[in-house]
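To begin, one chain is listed below as structure tokens, in the form predicted alone.
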């Protein structure tokens, strides 16, 4: 069984060691290296070629946002998941714009972290529940005229349906069952959607769907 290779990036040594022990207790996860700032992360991605980078945001020398931007530009196949104490809106939206595949807060349970790491390799989008609420809240606050995407490439009806289901949080397998197609077909549709919209991952695709009104906003509590 192949193991998921993880690079840990955090300036707190004690936290890194704790997460490392947690991940290495799992048979299918392997921590290939650690880094204490963004510059080290960039170098170690090149040296160790991890599948996933668990990236803190606020670090000395080079922060996680800058490092994510460089890593995604040079190694687009590497998944970056932000793991931070920061629920600041600016940090969240900058991370998404730089191409991060997920955004998790450090207060999540250990089993949630390992599950979400596995999910990102299945092209899911691990996001802490409170962060998902922030995303929805941001799009609610935007004036309606700003939510449209004038001049956006035309999606087919099936692509719009797939995009809507992605924005509703469904996995590729769940979408396949819903639409009565094989999972590979869903992946092809999602690839075409990302290409047409010039997006990097399904987090950005879900955000686009909400901005464009493809998926309705849930009612306020």
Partner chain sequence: MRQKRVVVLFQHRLFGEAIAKALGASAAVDVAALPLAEVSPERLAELAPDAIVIEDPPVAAGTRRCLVDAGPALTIVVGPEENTAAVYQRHEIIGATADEIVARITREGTRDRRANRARRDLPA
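Given the structure is predicted, the values throughout are model-derived calculations rather than measurements. Positions refer to the first chain, counted from 1.
Here the subject shifts to the form predicted together with its partner chain, a form of this protein not shown in this document.
Engineer: Residues in which of 116 to 124, 80 to 88, 67 to 75, 95 to 103 have heavy atoms within 4.5 Å of its partner chain in the model of the complex?
Structural biologist: Stretch 80 to 88 is the one.
Engineer: Check whether residue 209 has any heavy atom within 4.5 Å of a heavy atom of its partner chain in the model of the complex, and answer yes or no.
Structural biologist: It does not: once its partner chain is placed as it appears in the model of the complex, residue 209 has no heavy atom within 4.5 Å of it.
Engineer: Using 4.5 Å between non-hydrogen atoms, is residue 18 touching its partner chain in the model of the complex?
Structural biologist: Residue 18: contacts its partner chain in the model of the complex.
Engineer: With a 4.5 Å heavy atom cut-off, would you call residue 22 a contact of its partner chain in the model of the complex?
Structural biologist: Yes, residue 22 lies within 4.5 Å of its partner chain in the model of the complex.
Engineer: Taking its partner chain as it sits in the model of the complex, is residue 58 in contact with it (heavy atom to heavy atom, 4.5 Å or less)?
Structural biologist: Flag for residue 58 set to yes.
Engineer: Mind listing which residues of 172 to 200 have a heavy atom within 4.5 Å of its partner chain in the model of the complex?
Structural biologist: Nothing in the stretch sits within 4.5 Å of the partner.
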